[in-house]
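Here we start with a single chain on its own, the form predicted alone, put down as structure tokens.
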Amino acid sequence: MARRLINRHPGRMGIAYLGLLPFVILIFLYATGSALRLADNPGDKLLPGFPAIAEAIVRVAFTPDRRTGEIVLWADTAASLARLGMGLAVATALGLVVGIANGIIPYVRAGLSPLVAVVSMVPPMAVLPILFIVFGLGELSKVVLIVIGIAPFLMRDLQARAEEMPREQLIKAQTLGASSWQIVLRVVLPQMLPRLIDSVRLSLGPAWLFLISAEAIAAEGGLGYRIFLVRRYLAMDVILPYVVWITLLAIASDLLLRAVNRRLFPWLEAGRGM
């Protein structure tokens, strides 16, 4: 086979170097831009230097707040993760139940599938003011926003995957005397659970977006609340670490869900040829 570019693969070290290279370039560009701006204006806040960012990290992550006695970063993280966890849990449960029902039961699909399709097209941020009016400015409106933003996608994805199941499996189960409920529990559900986890992984980015947006508008704590609170002071030394921290939390969540999938459903990776 000719040594074309598409047939050449990097080794492990090459993959590591190529993966780190974009981050090194971005850090270098930021450091260069920050140095140039600070040379012209030592009080510049747009691109703070790394010492200023490190000082801000110590202040928000390791120093108790004088007014509340809490460590700000960890209090904000706990508040945001609680909202995110509740929203994803409810959305996942709805997505699993409705998605399987739409995919397997024709009468349910005829009644609910059009509604789910329409709801999935509604921009979640457009209904945020309605949620605040109906549910108030407390925790419930933020959780409901995540559910509205994520659940329809999970429902449609699970429905499509259920409809893609080989009909032979369902026919054989019925031939062996299985009821509809037994088919759902013993044939459909085991195949949908790993795919549900993959769908939740794909939903993490939008879920964080909805959460941060809701916290920015109305909240008394949380990562999004803190970012939009300090932006009025142009505190980029706080905003940048918070953005990085949110990104790390999202990556950790993705890796955790991937590990759960591999541990509970090893056959899925084997089926993918990985």
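Everything numeric in this text was worked out from a predicted model, so none of it was measured. Residue positions are given as counts along the sequence shown, with the first one as 1. Think of the rigid core as the biggest set of C-alphas that the two forms share within 1.5 Å after superposition.
One more form of this protein, predicted in complex with another copy of the chain, exists but is not displayed; see below.
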Partner proximity in the predicted bound form: residue 239 to another copy of the chain, non-hydrogen atom cutoff 4.5 Å: yes
is_contact(residue 104, another copy of the chain) in the predicted bound form, heavy atom dist at most 4.5 Å: yes
Do residue 228 and another copy of the chain come within 4.5 Å of each other in the predicted bound form, heavy atoms counted? yes
Check residue 32 for me: does it contact another copy of the chain in the predicted bound form (non-hydrogen atoms, 4.5 angstroms)? no
So another copy of the chain isn't shown here. In the predicted bound form, which residue out of 93, 115, 193, 81 has a non-hydrogen atom within 4.5 Å of it? 115
Work out which of 97, 71, 160, 178 lies within 4.5 Å of another copy of the chain in the predicted bound form, going by heavy atoms. 178
Within 95-132, the residues that have a heavy atom no more than 4.5 Å from another copy of the chain in the predicted bound form: 104, 105, 106, 107, 110, 111, 114, 115, 118, 121, 122, 123, 124, 125, 126, 127, 129, 130
Return yes or no for residue 255: a CA shift of at least 2 Å between this form and the one not shown, with the rigid core superposed? no
